[in-house]
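For reference, the chain that follows is the form predicted on its own, supplied as C-alpha cells.
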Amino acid sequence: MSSVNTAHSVVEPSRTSKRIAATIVIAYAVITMIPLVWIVLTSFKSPPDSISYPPKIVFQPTLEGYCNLFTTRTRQTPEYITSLGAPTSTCDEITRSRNMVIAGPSNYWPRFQNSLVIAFGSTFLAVSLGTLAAYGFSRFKVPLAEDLLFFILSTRMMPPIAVAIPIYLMYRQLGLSDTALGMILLYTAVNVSLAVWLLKGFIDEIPREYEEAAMIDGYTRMQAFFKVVLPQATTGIAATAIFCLIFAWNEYAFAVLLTSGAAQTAPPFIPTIIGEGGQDWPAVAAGTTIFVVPILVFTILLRKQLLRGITFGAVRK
C-alpha cells in the first residue's frame, strides 16, 4: 500500500476578492467620515451659511463659530462700537461686524477642562483597579470566580436610565452631585467591569513561568507583578484605556442628570450654545470639533498598542 501525504494549503484570496474587499473598506471609511468632515466644515461657516438650503459646500470660511464658542457677546449701538477704537483681536473684529461687543469668556473652556479631569481620572482608576482584579482572577483560585466575573459584567447590561434615579438620590444624600469626584467615581465603577474582562484575557495569555522564574530569583509576588506582568500586558492596558476613555469622554446621560454647573462636562454643554436667532450651529460644530481632538490624539498615540492589543493571543504556537 502506498501512503499519500496530504498537506493543507492556505487558499490565497483572488485579486478580484481583494479589490472588492478594499472597495468595501474604503467606502465604509468614507461614509463614516462624512459626518465628521461636515461638522468641521460647519465650524468654519457663518450662521446664515450653516442653515442655508440647499447646504453650501463652497462658502467663505470664517472663525465666527470659534469666536462665539469662547466668548459671550452683547449687542450695542454703532456709535458705542465706534467709540471703542480699533479692534484688538480677530474675534473682536468679527463680533463688531455683527454690531456686537465681547462681554467676556464663555463657559466652554471650564466644561472642556472638566471633561479632561473626569475622563482621564476615571480611566486611570478603572484601568488600575481592573488590572489588579484581572490579575487576581487570572492567577489565583478565587471562590465562585465565574459567578463573580458574570456579576461584574452584568453591571454593563443595564441601560444608564435604569439606575439613574437611584444614583441621583444617593449622590444628593452624599453631597456628590455636580462634583468632579462624584463623576470620576461613577465612571470608574462603570468602566471597571469592562477593564476586568478585557485585561483578564490579556493576562491569561502571559505564561506563568515568567513570574515563577522571577520569584525563584528572589522577587516577591508584587515585584513580579510590576516588573514582569505589567510590561508584558502593556498592549492590553493601552487597548483597555482607550475603550474606557471613549466611554467616559462621550458619556451624556449621567452628565446631564448629575451635573449642572461646577462639574458639568462638554457633552451636555455643547447643545446649549444659543445664538441670537436660536441654535448657534457654527459654535456647536466648533465645540464638537475641539472636543474630538483629545480622544483622537490619544488614540493615534496608542494606535500601535491598540492594534497589537486587539490581536493579542489570536495566533498561538
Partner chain sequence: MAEIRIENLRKEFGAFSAVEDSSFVVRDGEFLALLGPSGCGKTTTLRMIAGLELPTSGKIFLGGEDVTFNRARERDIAFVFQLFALYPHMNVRKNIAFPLLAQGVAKAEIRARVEETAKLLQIDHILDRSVSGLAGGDRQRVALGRAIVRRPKCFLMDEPLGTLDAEFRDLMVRELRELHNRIRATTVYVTHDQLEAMAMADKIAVMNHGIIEQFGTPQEIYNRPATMYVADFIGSPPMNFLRFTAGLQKGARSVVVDGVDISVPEIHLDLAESEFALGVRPEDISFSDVSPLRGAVFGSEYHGTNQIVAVEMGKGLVKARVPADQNFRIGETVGLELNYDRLSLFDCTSGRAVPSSRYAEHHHG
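This is a predicted model, so every value here is computed, not measured. Positions refer to the first chain, counted from 1.
Below, we refer to the form predicted in complex with its partner chain, which is not included among the displayed structures.
- 232, 138, 179, 114: which sits within 4.5 Å of its partner chain in the predicted bound form by any heavy atom? That would be 232.
- in the predicted bound form, the residue from 204, 93, 147, 212 that sits within 4.5 Å of its partner chain by heavy atoms: The residue from 204, 93, 147, 212 that makes the contact is 212.
- Query: Is there any non-hydrogen atom of residue 228 lying within 4.5 Å of its partner chain in the predicted bound form?
  - Reply: Yes, residue 228 lies within 4.5 Å of its partner chain in the predicted bound form.
- Task: Report whether the minimum heavy atom distance between residue 142 and its partner chain in the predicted bound form is within 4.5 Å.
- Result: Judged by the heavy-atom cut-off of 4.5 Å, residue 142 is well away from its partner chain in the predicted bound form.
- Exercise: residue 159 in contact with its partner chain in the predicted bound form, heavy atom 4.5 Å: Heavy-atom contact with its partner chain at 4.5 Å: absent for residue 159.
- Message: Against its partner chain in the predicted bound form, would residue 220 count as a contact residue? Criterion: heavy atoms within 4.5 Å.
- Response: Yes.
- For the chain seen here without its partner, which of 204-212, 102-110, 165-173, 150-158 has a heavy atom within 4.5 Å of its partner chain in the predicted bound form? Going by heavy atoms within 4.5 Å, the stretch is 204-212.
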